[in-house]
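The chain that follows stands alone, in the form predicted on its own, written as structure tokens.
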Amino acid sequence: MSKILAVARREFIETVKNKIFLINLVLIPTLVLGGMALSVHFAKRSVVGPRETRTIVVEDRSGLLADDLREAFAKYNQHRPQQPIVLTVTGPTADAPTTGSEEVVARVRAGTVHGYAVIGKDAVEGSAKSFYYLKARNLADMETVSTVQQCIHEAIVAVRARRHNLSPKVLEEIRAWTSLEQIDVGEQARGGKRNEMVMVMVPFFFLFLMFTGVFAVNQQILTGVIEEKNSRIIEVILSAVSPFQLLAGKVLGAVGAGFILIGVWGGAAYSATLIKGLHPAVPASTLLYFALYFVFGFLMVASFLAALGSMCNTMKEAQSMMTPAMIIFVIPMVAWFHISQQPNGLFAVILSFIPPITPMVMILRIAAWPELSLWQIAASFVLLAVSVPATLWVAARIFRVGILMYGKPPSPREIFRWVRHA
């Protein structure tokens, strides 16, 4: 045991000193926090920040909307003074009864006018189509379309209201929006407010954190084993420890580095949600389950990659052999939204009991539905308690033979023979 701990300590130190690990440890949280801060900043600027004045021409073929259109756009400019829209209202164009004025369309195409709306003759009755000509260059142009559409709608509603002798005040009271605040009365929520973005993203965050945390560190195990094998350092190390002790120490040391990585990343992600103004309430039980599933998942992947590294002489060989296995590990990432929507569905339950991806699928389901059946959680732990030692045993038998083998990568038949007779 002392030799395993010595190897684990060496592996842990070498991993956390690695430049790639340090870059991942510092750069990714910095990018997350910086990106979130910038998104909040630019989101505020997009609402109240300055923007180029937009010139809009509206052709009112109904002949009823001119004054109301000017009033609607004036209200918009009053509320958004830094993003003004200059409105020009014209009457019907005689030479273009069905489409619009070619002259104005040409001005839109040339960029001297940002948009040209043609309101149908029977728009107030709701039986005529309207058109909007634009030269879309960016998202700001598309936002302008929504603004113009809203102002035209306001003008039409005002005309309809006067036809029914409804005063603007009465109309405003009728259209007053009633907000619905969601309050979760579940045991974990304790009457807290629900945020849909948090509900959607928290399960994905736990899945993404486990996936990247497991593979970011274990990739270094694969690289380290291949480098030690090619430099023949592994032969010196094996003179002091057994292959199993070396494998166990490498895996144990990597687990410690993995916890540091996900701890920093998790803290950065939580800080980012606070910057965004969100306050995710994650039950303590979910964090505990994440830690346990992370260990199980890490041990399985680390054992697999260490064994894979022992069979290969170059990273190119390792990547070609790892590609089929990665298809399996990517399944939870591809199906995460469906699983989080239906955490108790048959598809989610089946994936939960496929050992290589059990940890990722289970933490996704628990994060999406904290009240997941305890028997399923217990069954998954029993499955992992059996499959992880089995994976370690198989990986150790491959590792002890493959680490001293050179030349071309072994065939599946040779690997099977190593497992049986090593």
Partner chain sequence: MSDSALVLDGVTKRFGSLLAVDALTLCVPRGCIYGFLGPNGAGKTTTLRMIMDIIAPDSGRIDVLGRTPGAAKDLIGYMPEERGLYRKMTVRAVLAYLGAIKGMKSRDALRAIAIWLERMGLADRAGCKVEELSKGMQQKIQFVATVFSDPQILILDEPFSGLDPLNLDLIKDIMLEMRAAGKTVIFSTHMMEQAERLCDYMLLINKGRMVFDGTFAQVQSEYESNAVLVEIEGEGDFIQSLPMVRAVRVQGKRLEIELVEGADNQDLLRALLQRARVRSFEIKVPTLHEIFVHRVGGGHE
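Residue numbers count along the first chain shown, from 1. This is a predicted model, so every value here is computed, not measured.
Not on display, but discussed next: the form predicted in complex with the partner chain.
Between the partner chain and the residues Ser231, Asn344, Ser146, Thr112, the one pair within 4.5 Å by heavy atoms in the predicted complex involves Ser231. Comment: the partner chain is not present in this chain, but in the predicted complex one of Thr314, Gln82, Ser242, Ser127 has a heavy atom within 4.5 Å of it, namely Ser242. Only one segment in the set 233-241, 298-306, 259-267, 155-163 has any non-hydrogen atom within 4.5 angstroms of the partner chain in the predicted complex, and it is 233-241. Among heavy atoms of Ile415, none comes within 4.5 Å of the partner chain in the predicted complex. The partner chain in the predicted complex is approached by Leu404, whose closest heavy atom lies within 4.5 angstroms of it. Looking at Arg10, you'd find a heavy atom of it within 4.5 angstroms of the partner chain in the predicted complex. Contact annotation for Glu102: none of its heavy atoms lies within 4.5 Å of the partner chain in the predicted complex. Within 4.5 angstroms of the partner chain in the predicted complex, the stretch 3-27 places a non-hydrogen atom from each of Lys3, Ala6, Val7, Arg10, Glu14, taken in sequence order.
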